[in-house]
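The chain below stands alone, shown as structure tokens; this is the form predicted alone.
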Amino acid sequence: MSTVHQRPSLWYAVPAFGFFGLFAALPMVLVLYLSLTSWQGLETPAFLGLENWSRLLTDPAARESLGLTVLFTALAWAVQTPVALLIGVWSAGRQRNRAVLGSVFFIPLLLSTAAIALLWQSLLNPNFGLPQAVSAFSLPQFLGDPRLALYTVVFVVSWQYIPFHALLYQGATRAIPTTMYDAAIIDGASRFSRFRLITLPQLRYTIVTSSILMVVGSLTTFDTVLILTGGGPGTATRIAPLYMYDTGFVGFEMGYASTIAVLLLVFGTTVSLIMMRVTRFREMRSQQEGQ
């Protein structure tokens, strides 16, 4: 057997396992333990058993926040996926104008989440923002109307993360063998047919990867909502991560907040595993020529 195909020693993975254990596994174990306790942040946690979990099942505020989280995640995925896919495929071209416009479009990737949230909060402010500047058009209060607030947050989050996912699609599109397009052109395939029959199938694993990142990212989105709306108006945008924050750091119920955190972890992991199972992501094979 050639040494080229021999796997490296497991010792190479020790730093990665150590990093994962220290910064991922250990905090998860501690949060799981805190979910079984009553703790206000200073005193010693008091063990409660499953009392927090029983409370979670009968908490109407928790059910409402989880419902908003599912709606927020679905909307974010439905908006970001087609837009990022089209921009990524378009910007994969080698033309100079596409490179220039693509560089401009990716600017949101350079901005912090707090800066983006403050920027859009100022732009949408009804007193001195865009609605005031074009008051003749009587624009609605995007952040003050309970019917529009969640959709506005989805728009801002999508504006921030679409460039990242477009970058994934751009790289994956450039990795598609050009011989496939050459053969399709010889066969007389139109541009749309080449996109539908070659580009989309070749990008299926990238779509799955991007979708999982979107779902996990949506389930952990917190700072954008906190700065933009604080969960309001009322509870119109109080998604589960924000409810967890309010419970833990405003109500000082760290034990119950840990229960919500564990629920989000289980929900996100379950959704990701289902997506991988349904899409047969684990059976992924290289799409490169000669491999």
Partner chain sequence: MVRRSVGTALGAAVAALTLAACGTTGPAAGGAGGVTVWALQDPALNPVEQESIERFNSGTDGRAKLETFVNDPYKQKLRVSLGSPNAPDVFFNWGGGNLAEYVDAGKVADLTPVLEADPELQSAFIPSVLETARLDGRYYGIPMRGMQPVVLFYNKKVFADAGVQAPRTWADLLAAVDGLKEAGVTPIALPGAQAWTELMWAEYVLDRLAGPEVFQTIRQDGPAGWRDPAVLAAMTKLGELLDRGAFGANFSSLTWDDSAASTLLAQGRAGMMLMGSWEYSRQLEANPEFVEGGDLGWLPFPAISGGEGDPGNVVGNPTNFYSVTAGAPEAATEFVSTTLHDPEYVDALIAAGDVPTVTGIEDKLAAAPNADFTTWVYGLVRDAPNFQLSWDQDLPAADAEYLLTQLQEFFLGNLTPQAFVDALASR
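Numbering follows the first chain given and starts at 1. None of these values were measured; they are calculated from a predicted model.
Unshown form predicted in complex with its partner chain; subsequent notes refer to it.
Taking a 4.5 Å heavy atom cutoff to its partner chain in the predicted bound form, the contact residue among P108, P146, P177, G93 is P146. Proximity to its partner chain in the predicted bound form, defined as a heavy atom within 4.5 Å, singles out one entry of A46, L26, L50, L57, which is L26. Only one segment in the set 165 to 173, 122 to 130, 198 to 206, 84 to 92 has any non-hydrogen atom within 4.5 angstroms of its partner chain in the predicted bound form, and it is 122 to 130. Proximity of L66 to its partner chain in the predicted bound form: non-hydrogen atoms within 4.5 Å are absent; the residue sits far from the partner.
Proximity of L36 to its partner chain in the predicted bound form: non-hydrogen atoms within 4.5 Å are absent; the residue sits far from the partner. Its partner chain in the predicted bound form comes within 4.5 Å of no heavy atom belonging to V70.
When contacts are judged by a 4.5 Å heavy atom cut-off, G255 does not count as touching its partner chain in the predicted bound form. Contacts of stretch 78 to 92 with its partner chain in the predicted bound form, defined by any heavy atom lying within 4.5 Å, are made by none of its residues.
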